[in-house]
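The data below hold one chain only, encoded as structure tokens and taken in the form predicted alone.
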């Protein structure tokens, strides 16, 4: 193991024991606040407004009025403790405020003070407290130590969703001018350019031309990476990370090879060149709507028939759960296909029907495990059957490599541990939190590496891949250990020659 890490990798078959408590251990860990330009580009106040308490409470009242689930989540907790040890950040940091119930109470206590009779009457005796500067600082710190992974909700007997509470707190903070730089800056880039990277159309076109040359040199096959092609059957919406970095770009090459071999005409859009929707992380339906509408406009302008999303967990959650209400109706698309579709479902169907053939020997020497990305595992389905989000990627991997091994069952499926970098936390000033939050996943990975000689781990999420390439080396694993699902497909697919 890497001597640089100070995170002990102790595991009993991947099952996490509760950590020793370390009160306020992460009280100094917070993201950079958004600058005025980042806030104002999204229509938020440039800085904290003078009457921020009144405006924050008014915003909370608006959210409670518009979201019955939020009020239910805030009212229904009985402090049973079922969620207490389920958060990866609590396991990694030991800070009690990273227990899901304690994080919820940062907002619940303010809710009780202003919106419940007992809270107004009994104050702190009813778990209520007023919103003051110290509370706001706690919100900004600890609601940005939640990756909105929703693992705690799986274990909650009442189904309380901490992600919804974190999103509400962030939306309230943005409404009074206290936003997070990383998310708000990225959302502004999408509004201005069309993707999280701020990659202009000319640069995107040049990148895709370079990929065509690389694949032609590597395979001798003329696989196209089309851009802004009107009348194509498929519009591919993929995370912009797929355009520039490994292992993401290897997945994009895999998509292109699948479309090529299946004979599907497809295109990317320079106007809507981003599947990710960071507006979900800040809880802003208005911003989610604006980003989603770019996809709608691109689909209409290009006259496509199908909408397919690439490998990205939160992008797929937004698409699967919200796209029809955010940017529908999609009645101009081909009614024979669901809206949206996921590239994994298309690849899996082609494998099952013999539309593409994979050669496992192309990935000889690989023993692969799968990290179930949170927003795929707990917020979506990939196919038309319950549980397809778990079976489809595993069956694609099994068809692509000589050996596949699952991690401990308490760390995969709907119980999967987060990578530690989701929810808008994939920023360098939070690297200590990200490393510590990765500990449960690294423990489960260690078990299959030790027992089954696992060589690689697949993730079908851009954020997971970025997080793991940065953080896994802190646990002694090479960054190349993390691979895209369609990277395996790309290496194993049998391509027909141009002749």
Partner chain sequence: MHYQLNDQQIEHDEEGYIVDIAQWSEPLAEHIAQSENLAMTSEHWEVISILREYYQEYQIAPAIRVLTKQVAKRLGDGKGSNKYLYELFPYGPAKQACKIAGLPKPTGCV
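For clarity, every value in this text was computed on a predicted model and none was experimentally measured. Residue numbers count along the first chain shown, from 1.
What follows is about the form predicted together with the partner chain, which we do not show.
Asker: Of the residues 214, 222, 85, 359, which one places a heavy atom within 4.5 Å of the partner chain in the predicted bound form?
Answerer: Going through each option in turn, the one that passes is 214.
Asker: Of the options 199, 131, 156, 106, which one has a non-hydrogen atom that comes within 4.5 Å of the partner chain in the predicted bound form?
Answerer: Exactly one residue meets the criterion: 199.
Asker: Residue-level question: is residue 243 within 4.5 Å of the partner chain in the predicted bound form, judged on heavy atoms?
Answerer: Yes, residue 243 is a contact residue.
Asker: Check whether residue 116 has any heavy atom within 4.5 Å of a heavy atom of the partner chain in the predicted bound form, and answer yes or no.
Answerer: Output for residue 116 is no: heavy atoms all beyond 4.5 Å of the partner chain.
Asker: Is residue 207 near the partner chain? Define near as a heavy atom within 4.5 Å, in the predicted bound form.
Answerer: Heavy-atom contact with the partner chain at 4.5 Å: present for residue 207.
Asker: Is residue 428 close enough to the partner chain in the predicted bound form to count, meaning some heavy atom within 4.5 Å?
Answerer: Within the cut-off, so yes.
Asker: Heavy atoms within 4.5 Å of the partner chain in the predicted bound form: which stretch among 43 to 51, 441 to 449, 56 to 64, 464 to 472?
Answerer: Every other range fails; the passing one is 464 to 472.
Asker: Counting only heavy atoms and a 4.5 Å cut-off, does the partner chain in the predicted bound form sit next to every one of 164, 168 and 318?
Answerer: The answer is no; none of 164, 168 and 318 reaches the partner chain.
Asker: Just give me the residues of 353 to 377, first to last, that have a heavy atom within 4.5 Å of the partner chain in the predicted bound form.
Answerer: Stretch hits: zero.
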